[in-house]
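For reference, the chain that follows is the form predicted alone, supplied as structure tokens.
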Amino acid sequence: MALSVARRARTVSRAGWWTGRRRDHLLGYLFVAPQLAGSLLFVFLPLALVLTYSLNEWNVLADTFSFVGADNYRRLLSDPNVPSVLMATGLFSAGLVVLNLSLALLLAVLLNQRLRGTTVFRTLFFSPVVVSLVAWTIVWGFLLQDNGGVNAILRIAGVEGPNWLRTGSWATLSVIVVQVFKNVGLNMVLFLAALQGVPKELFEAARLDGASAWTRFRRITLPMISPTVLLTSIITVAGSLQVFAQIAVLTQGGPGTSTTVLVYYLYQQAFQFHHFGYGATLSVLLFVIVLALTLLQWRMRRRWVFHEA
């Protein structure tokens, strides 16, 4: 009798501990566990390893791995190539972001009109997004050669085109344009979705009040789609700082170092010169730059993003 009473008491105690709230908490943890495991395995663990490697010098050819402390960071501060690399990275990123966002918004506004053939043009502009990056870049490499397709078309028009990929400023512009044409469709689709969510009543009321098309765009359209502008700007800025394949295929960082952006310089140091510790240090610098720019955009959102004031 006493044994059955004790067993019943333990059962009641377990039932009292296993409440609905605890069950909901466990289900929530189970749902986020795959994402958390993926983040730990593919984000935080690589970050920790990169930071560790930056404090060491790893020579694969000599099979040596030695602790050097802050030597790689001191080398970063005294590296004479870093200022030009950061300058090339800044110019490339600024040109890419401005051109990409401007063109994507312009295309989205045009394709948001009720005109025939807009579905075809949407597909046409978005299709490069799903094309293989390397294949896309190789094709453009042939087109931009001195005797390639672009200059052939210009000669028909009586214009002598430059050697696009072997002339400093033209090489940077060429890589920017190739990258913009590759990914502008993605931002265009995001802007188009945002434009279709703007209430039509606002435009009708503004039109009745005599507002011009530019005023309606500036006072209604831009504020209403500003959250999407923030999203696309963060994605585009982060992506512009990580462009590698286009540089490697089209210019190999040249002519000179005019297109040697930080990611490509990192690749050269780590995988061409086998300075893996210094390459990891450059990776840390890239991470800090991307993080700082992302946080800056996020902090500034209150000044211009609708509903964030």
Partner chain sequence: MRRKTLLYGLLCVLCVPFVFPTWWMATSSLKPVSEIFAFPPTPWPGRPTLEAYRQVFALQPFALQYWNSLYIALVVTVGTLAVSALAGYAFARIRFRGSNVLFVIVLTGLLIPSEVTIVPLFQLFHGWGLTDTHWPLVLVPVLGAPSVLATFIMRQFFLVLPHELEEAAAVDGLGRLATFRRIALPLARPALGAVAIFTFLHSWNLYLEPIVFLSSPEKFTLPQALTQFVDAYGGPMWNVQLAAASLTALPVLVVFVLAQKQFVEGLAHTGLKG
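Positions refer to the first chain, counted from 1. Small disclaimer: the values here were computed from a predicted structure and weren't measured. So that the term is clear: the rigid core is the largest set of C-alpha atoms that superpose within 1.5 Å between two forms.
Keep in mind the form predicted in complex with its partner chain is missing from the figure; the text below concerns it.
For the three residues Leu99, Ser169 and Ile220, a heavy atom within 4.5 Å of its partner chain turns up in the model of the complex in no case. Contact annotation: Ala205 falls outside 4.5 Å of its partner chain in the model of the complex, judged by heavy atom distances. In the model of the complex, Asn56 stays away from its partner chain, with no heavy atom inside 4.5 Å. Although the partner is absent here, Gln35 is a contact residue: one of its heavy atoms lies within 4.5 angstroms of its partner chain in the model of the complex. The shortest heavy atom separation between Leu295 and its partner chain in the model of the complex is within 4.5 Å. Contact annotation for 276 to 290: residues with any non-hydrogen atom within 4.5 angstroms of its partner chain in the model of the complex are Phe276, Ser283, Leu286, Phe287, Val290, listed in sequence order. For Leu41, a C-alpha deviation of 2 angstroms or more is recorded between this form and the one not shown after rigid-core alignment. Relative to the superposed core, Gly28 shifts its CA atom by 2 Å or more between this form and the one not shown. The Cα shift for Ala245 between this form and the one not shown, taken after rigid core superposition, is smaller than 2 angstroms.
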